[in-house]
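Starting off, we have a lone chain in the form predicted on its own, written out as C-alpha cells.
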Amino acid sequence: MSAPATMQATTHYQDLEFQIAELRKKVEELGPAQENKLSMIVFSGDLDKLLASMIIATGAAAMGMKVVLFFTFWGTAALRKANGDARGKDFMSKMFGWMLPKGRNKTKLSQMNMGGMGTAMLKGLMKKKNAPSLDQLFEMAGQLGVEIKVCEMSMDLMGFKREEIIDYPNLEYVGVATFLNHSRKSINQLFI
C-alpha cells in the first residue's frame, strides 16, 4: 500500500473512531433507559374511570412496578375529604366546591348513571362479587407504595385547598413538569 493510501486509511479510521466516541457521548447524555414504572394521568372524576385507574395502579404495583398517578382537573375532586371544609374561598372556588363531588364516594358513573341508580347498582354488584371498593383500592395503593401527585394548577383553578385533600401516605403537590419527568422514564403511560 502506498504512503498516501495508508495515510488516507488511517485518517478514515480516526474519523470513524471520533464519530463512535461522539455517539457514545450522546447516548450517555440521554440518561438511564426507561424504568419499570407506570405513569398515569387521572383526569376523570367519574366512578368507573377512577375504579379502572386504581385497579390498574394496584395491579401494576403488585407486579413490582413503580406507579405514579397524576391527579388533575376533575380527578382532583376524588381526592377531597368527604367532610373537609376550607375557609377563605372566593365565590368561584365556593361554586366549584359546591358543584363537584366531595370525595371519591360521591362520584358518579360516566355512563348509565340513571339519576344515581346506576352508581348504586354498580356498588351493590361490586359488594356482591367481593370486588374491592374505591376506598379499599386507595388503601391498597397506599400500602403498595403507589405515589399520588396532585396537580397544583388544577387545585388552584378549582379553588381546592390542601386541607381539603385526603390523607394518603405517598401524596405530593406538584406541577406538570414533575409528572412529565416521571412519565418520560416510564415503560407505560396511561391517560384515564
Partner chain sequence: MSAHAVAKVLDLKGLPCPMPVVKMSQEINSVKVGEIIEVHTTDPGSLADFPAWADTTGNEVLETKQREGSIQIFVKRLK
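Predicted model, so just to flag it, every value in this text is computed and none were measured. Positions refer to the first chain, counted from 1.
Below, we turn to the form predicted together with the partner chain, even though it does not appear here.
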item	value
Heavy atom distance at most 4.5 Å to the partner chain in the predicted bound form, all of Thr76, Met155 and Leu171	no
Stretch from 38-46, 157-165, 66-74, 141-149 whose residues place a heavy atom within 4.5 Å of the partner chain in the predicted bound form	141-149
Any non-hydrogen atom of Ala131 within 4.5 angstroms of the partner chain in the predicted bound form	yes
4.5 angstroms heavy atom contact with the partner chain in the predicted bound form for Thr58	yes
In the predicted bound form, Leu125 touching the partner chain (heavy atom, 4.5 Å)	no
4.5 Å heavy atom contact, Val27 to the partner chain in the predicted bound form	no
